[in-house]
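Below, in structure tokens: the form predicted on its own, a single chain.
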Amino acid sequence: MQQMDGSADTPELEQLYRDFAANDMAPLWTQRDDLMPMTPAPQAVPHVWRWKTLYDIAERSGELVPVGRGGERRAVGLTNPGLPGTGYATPTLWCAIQYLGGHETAPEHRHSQNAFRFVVEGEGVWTVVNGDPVRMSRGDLLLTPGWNFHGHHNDTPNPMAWIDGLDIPFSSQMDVGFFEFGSERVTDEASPPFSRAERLWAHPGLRPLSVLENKVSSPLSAYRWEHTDAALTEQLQLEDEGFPATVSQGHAAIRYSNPTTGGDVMSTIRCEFHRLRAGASTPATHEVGSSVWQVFEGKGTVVLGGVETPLETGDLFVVPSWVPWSLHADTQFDLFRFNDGPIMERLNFARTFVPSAQ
């Protein structure tokens, strides 16, 4: 009896395997472990990028590479070492550091891919989304859902850098991408303290009767740091008072939500913010799907697949599918996180395993 491992010891079987190859076929029995592993076996690997290094490279890019039509953005993608040649952080997520010099303007364009910006430091840039100028400040999450025209302008002489997150890898795999150039500059160079979208939508628990239909992506263009910080602070204070409010002891967290549905801010990307008290830790956790984290403030460590790495403000790390991760806070430890949770849940692939809870 022949083993189902691709070996052949008869002329007839050797010919069969030659015919498979000649006709672009591959028998399942020779590749089952690759196609259907016992648990997820990602090509992406856990990895940490240091903010100081990223910012230095971005700054030098600002001196040497002009921003403008053609290149469009001075954005440098973080390439996962397990996905060489792609510019992808994970198989579904793209993450980049974008740098805009003093008084520079990044021209407008739009694309099918969903995008956001998160600011770890700096201010002075406005992103203009469908003609609506949105202030970018420290700790803010700014949204640019798919097919919205957007550009950026810096009103100050000082440069600014932030991270961009997009679903480019997923969109590329699915062949859903469209792109269109817009204005050479931006359609509104005003610099108001709050965008029109915020003035309409950024009132907790209140929804304008003029726009009652649900939207696939959040119509709120900016989630301000003062609200995120207040929510996390109150969770920990409630914990101090003996009320259930945190994910686990000393671990407060929020998920940014679409005010029209209560769901995720965009159809393919989930955004969260986590705060750990000094000394707090999270249990080792396995999750289907991948995520990217950035330290907003504080110091601590992350354990990725059993390897412990120290972290400080600005550092980024990636967690591939099913790789166990855990956090420990040396000081108060604030972290922004984005992942592909909406995709995994909608396709019914989502799964989480916490060994210590068994």
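All residue numbers refer to positions in the sequence shown, first residue = 1. Computed from a prediction, not measured in an experiment: that's the story for all the values here.
Heads up, the form predicted in complex with another copy of the chain isn't pictured, but that's what we're talking about next.
Of the residues given (Gln237, Asn158, Ser183, Ser191), Gln237 alone sits with a heavy atom within 4.5 Å of another copy of the chain in the predicted bound form. The listed set Gly139, Gly77, Gly101, Gly122 contains one residue whose heavy atoms approach another copy of the chain in the predicted bound form to within 4.5 Å, identified as Gly77.
In the predicted bound form, at least one heavy atom of Leu54 sits within 4.5 Å of another copy of the chain. Mapping the unseen interface onto this chain, Pro219 falls outside it, with no heavy atom inside 4.5 Å of another copy of the chain in the predicted bound form. At a distance threshold of 4.5 angstroms between non-hydrogen atoms, Gly298 is out of contact with another copy of the chain in the predicted bound form. Although the partner is absent here, Asp9 lies well away from another copy of the chain in the predicted bound form, with no heavy atom inside 4.5 Å. Along 151-178, these residues reach a heavy atom to within 4.5 Å of another copy of the chain in the predicted bound form: Leu166, Asp167, Ile168, Phe170, Ser171, Ser172, Gln173, Met174, Asp175, Val176, Gly177, Phe178.
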